[in-house]
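One chain comes next, on its own, written out as structure tokens in the form predicted on its own.
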């Protein structure tokens, strides 16, 4: 009689993985820690309240750290080695992980873990923390209600994804939302959400599913809105074309410092697409597709906040025209209480 393999329960894999993670495990269990940065076996940093500090934790030796990296890879059905030295994955609690090994990393194994928040961030919390004002919330509520296309931009750790989650609470519960992500992070609080996630495929590329392919699937899944976790490359063109073809109310995030930088960055990413499009035509499409840019920032004291809420009004020659609806006063102040998001007096015609 042929031998039959008995599948190992996922819970057993999770327990084994926690054991392999060793000194990282208590850091994952600490709700005050938002990020874990492993720089070799002897140095593990954490981010707490927006500030980096040494955790005091260590692996016993490099082989233990390698076992942790390989355990993460095995949990997601992938391989990490000197031949395949980079890995994006998620831990059982949803935390996002990136691992990089030599020869891609000169000085050893590095692991970065962006922890998955178990609590749902609310608008009321953002107001209490001073990250946004009630007046700005009402403005954003109107833009979401009128299905304006919104881009949330900012640097790493500036709260882009968290803000996008909060913005989703302003969507009416009767709408069908399609979420497309490279690695699932969004936790929308609406009842009718379809989550799509890209997949890197096996070592030979078999089973690979790209963001572009998910875009085409989403168009056939009857979305009322499409939300893209983060724009990183040529998929920006697909989003722009979706925004200009009747799919209003789309939202996404990207890395940029100021609202005008955001538009130029999206333009540059769209040029990475395999679809050839004249630069002037692309710029016109970007100006037409994106209507609101929300800029976030992480300040020197570790706090996060919105610095700009701006309307895109089109083009003047080759230059994007932006009108700021809200700006943060004294955003470079070292005193948090001196920073405040205020209305500029300009109100767009929604």
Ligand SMILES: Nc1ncnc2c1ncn2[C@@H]1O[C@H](COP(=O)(O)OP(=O)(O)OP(=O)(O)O)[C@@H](O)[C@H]1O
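Residue numbers count along the first chain shown, from 1. Fair warning: this is a prediction, and the values are worked out from it, not measured in the lab.
The next section is about a form of this same protein that is not shown, the form predicted in complex with the ligand.
Asks: Although the ligand is absent from this view, report whether residue 71 comes within 4.5 Å of it in the predicted bound form, heavy atoms only.
Replies: The answer is no: residue 71 has no heavy atom within 4.5 Å of the ligand.
Asks: Do residue 225 and the ligand come within 4.5 Å of each other in the predicted bound form, heavy atoms counted?
Replies: Judged by the heavy-atom cut-off of 4.5 Å, residue 225 is well away from the ligand in the predicted bound form.
Asks: If you check in the predicted bound form, is residue 259 within 4.5 Å of the ligand, heavy atoms only?
Replies: Flag for residue 259 set to no.
Asks: Evaluate residue 156 for contact with the ligand in the predicted bound form, applying a 4.5 angstroms cut-off between non-hydrogen atoms, and reply yes or no.
Replies: Contact with the ligand, yes.
Asks: Hey, with the ligand in the predicted bound form, do 139, 148 and 193 all fall inside the 4.5 Å heavy atom range?
Replies: No, the whole trio is out of contact, none within 4.5 Å by any heavy atom.
Asks: Picking from 81-89, 125-133, 262-270, 206-214, which part of the chain touches the ligand in the predicted bound form when contact means heavy atoms within 4.5 Å?
Replies: It is 125-133 that comes within 4.5 Å of the partner.
Asks: Identify which of 304, 283, 324, 48 has a heavy atom within 4.5 Å of the ligand in the predicted bound form; exactly one of them does.
Replies: It is 304.
Asks: Just to confirm, with a 4.5 Å cut-off on non-hydrogen atoms, which of 244, 184, 168, 162 contacts the ligand in the predicted bound form?
Replies: Result of the distance check: 162.
Asks: Scan 22-43 and note down the residues that get a heavy atom within 4.5 Å of the ligand in the predicted bound form; none is a fine answer too.
Replies: The one in contact is 34.
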